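A single chain, nothing else alongside it, follows as structure tokens in the form predicted alone.
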Amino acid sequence: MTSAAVIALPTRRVEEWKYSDLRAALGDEGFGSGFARAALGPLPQGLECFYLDDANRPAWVTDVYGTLKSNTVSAVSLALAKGGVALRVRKNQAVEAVTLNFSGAGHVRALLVLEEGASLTLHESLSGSDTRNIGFEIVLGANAQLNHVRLSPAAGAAVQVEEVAITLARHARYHFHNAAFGSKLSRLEMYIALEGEGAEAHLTGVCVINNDHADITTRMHHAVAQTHSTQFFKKVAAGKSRAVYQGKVSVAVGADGVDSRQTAKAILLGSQAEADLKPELEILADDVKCAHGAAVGDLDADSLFYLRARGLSENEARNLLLHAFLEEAIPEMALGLVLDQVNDALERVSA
């Protein structure tokens, strides 16, 4: 029987975890032996649901569950989780939005399968201040489309980790937005494999933290030719916060015609805040368009002066500039879910 004690948790000596020392944050207890929960909102027509703690798993679950790329931490959730949820949208079905909420302490798993031509909007939310380890597998068939918005509120002293593994078949499209507000240590790790020609993955995210730690680590693998990806993340860190973005794009041999771009920017509100932005490219094909960029700085002094000269207080001017900075990275599909939380978080960091 695999246990958390048998599988060593990563430390900063592991390159992918150099900015987020999981073992130190968790201590000797690790994630504990509890079982977190996955709960669904009202189930829209056309969406099938199977709870993973039930017996007699259907073929569409057993054929995929536990097979996607994983790291040490997701191996722990796969071995120890009890329950969780599997969702499927059948071929050529279009399903309205559904909410998936993770809560409680411990390990939990989820699986989402969109068959050929299927489409879905998924609103993922995390609730509570519990230490939690989530493993999430997503399979997109040919011409499938998934809009995925993830909201991770501030979680105090909790350690919350989620590993997401996604495969995209021919002409599948994945649009993802992450809004994170930190905890003692929060980390989202994504592995996205574009395995069919014409597949696209577009990631955006905002992060506002105050004396917290928030890490997003992505690995975008272009396995075949004529695939497209973009990544655009913006972060605001105040107090003794640490904001992390690590994004590695790899292009396989012969994957010509790939177009991939990644950008990460951060604003530091104070001398003790830190941002670690690390975009990477690994290109093994010749005919590609790949670019990356990162920037860390403070609010623009000239812009602040301009707004102050027109009657705004210092806090009002700072809030206006921070809103403008972040909203550029919030797509329309996420505005209604994310904007109020961003506004509240900015008020806290500007106080």
Partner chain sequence: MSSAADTKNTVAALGEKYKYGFVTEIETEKAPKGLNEDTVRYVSAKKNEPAWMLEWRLAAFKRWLDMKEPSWARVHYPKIDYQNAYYYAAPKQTPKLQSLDEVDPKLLETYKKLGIPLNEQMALAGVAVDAVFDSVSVATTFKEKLNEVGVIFCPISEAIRDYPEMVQKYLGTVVPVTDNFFATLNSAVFSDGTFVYVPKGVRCPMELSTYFRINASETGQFERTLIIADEGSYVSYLEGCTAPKRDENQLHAAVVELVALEGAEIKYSTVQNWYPGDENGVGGIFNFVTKRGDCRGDRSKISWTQVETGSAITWKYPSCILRGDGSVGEFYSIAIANHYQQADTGTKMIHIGKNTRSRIISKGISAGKAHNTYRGLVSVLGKADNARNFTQCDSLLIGKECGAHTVPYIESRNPSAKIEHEATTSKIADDQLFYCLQRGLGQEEAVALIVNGFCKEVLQQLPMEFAVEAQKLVGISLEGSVG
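Residue numbers count along the first chain shown, from 1. Owing to the predicted nature of the structure, the values given are computational and were not obtained by experimental measurement.
Unshown form predicted in complex with the partner chain; subsequent notes refer to it.
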{"query": "Asp63, Glu314, Asp298, Asp54 - the one with a heavy atom within 4.5 Å of the partner chain in the predicted complex", "finding": "Asp298"}
{"query": "Contact assignment for the partner chain in the predicted complex, among Ala275, Leu120, Val73, Ala238, heavy atom within 4.5 Å", "finding": "Ala275"}
{"query": "The partner chain contact at Glu280 in the predicted complex, heavy atom, 4.5 Å", "finding": "yes"}
{"query": "Contact flag, Tyr19 vs the partner chain in the predicted complex, heavy atom cut 4.5 Å", "finding": "yes"}
{"query": "In the predicted complex, Ala59 touching the partner chain (heavy atom, 4.5 Å)", "finding": "no"}
{"query": "Contact of Leu47 with the partner chain in the predicted complex (heavy atom, 4.5 Å)", "finding": "no"}
{"query": "Among 319 to 327, 289 to 297, 64 to 72, 22 to 30, the region lying within 4.5 Å of the partner chain in the predicted complex by heavy atom distance", "finding": "289 to 297"}
{"query": "Non-hydrogen atom within 4.5 angstroms of the partner chain in the predicted complex for each of Glu15, Gly270 and Leu284", "finding": "yes"}
